[in-house]
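Here you get one chain, nothing else, as structure tokens; it is the form predicted on its own.
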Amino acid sequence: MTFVRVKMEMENVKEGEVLEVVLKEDEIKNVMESVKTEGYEVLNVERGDSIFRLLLAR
């Protein structure tokens, strides 16, 4: 379900804009693989205590 929500948000991101996504540790692998498959670019991954912050672009 998490990737579906990220994908829906990415559909609103215009070329050159960046989307910040905050994920729990158990969600990161699925979302990382799926966004790359969809052709989005992972600009940065930052690990917090129990969360990850991703910066995604089209």
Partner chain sequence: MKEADYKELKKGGMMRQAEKGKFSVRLRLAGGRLTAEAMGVVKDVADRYGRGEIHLTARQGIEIPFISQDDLFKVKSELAAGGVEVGVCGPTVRTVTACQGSKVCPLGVLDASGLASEVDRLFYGKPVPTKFKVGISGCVNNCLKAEENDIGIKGGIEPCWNRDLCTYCGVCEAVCPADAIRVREEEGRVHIDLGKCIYCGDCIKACPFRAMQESRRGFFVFAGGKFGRFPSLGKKMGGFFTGDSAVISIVRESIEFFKSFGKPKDRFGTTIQRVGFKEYEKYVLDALKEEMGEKAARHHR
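Positions refer to the first chain, counted from 1. Being a predicted model, the structure only gives us computed values, none of them experimental.
The same protein also has a form predicted together with the partner chain, omitted here; what follows describes it.
Though the partner chain is absent from this view, in the predicted bound form it lies within 4.5 Å of a heavy atom of just one residue from 25, 17, 38, 9, which is 25. Although the partner is absent here, residue 52 lies within 4.5 Å of the partner chain in the predicted bound form, judged by heavy atoms. For the chain shown alone, residue 13 is not a contact residue for the partner chain in the predicted bound form, no non-hydrogen atom being within 4.5 angstroms. Scanning 17 to 35 for heavy atoms within 4.5 Å of the partner chain in the predicted bound form gives 25, 28, 29, 32, 33 in sequence order.
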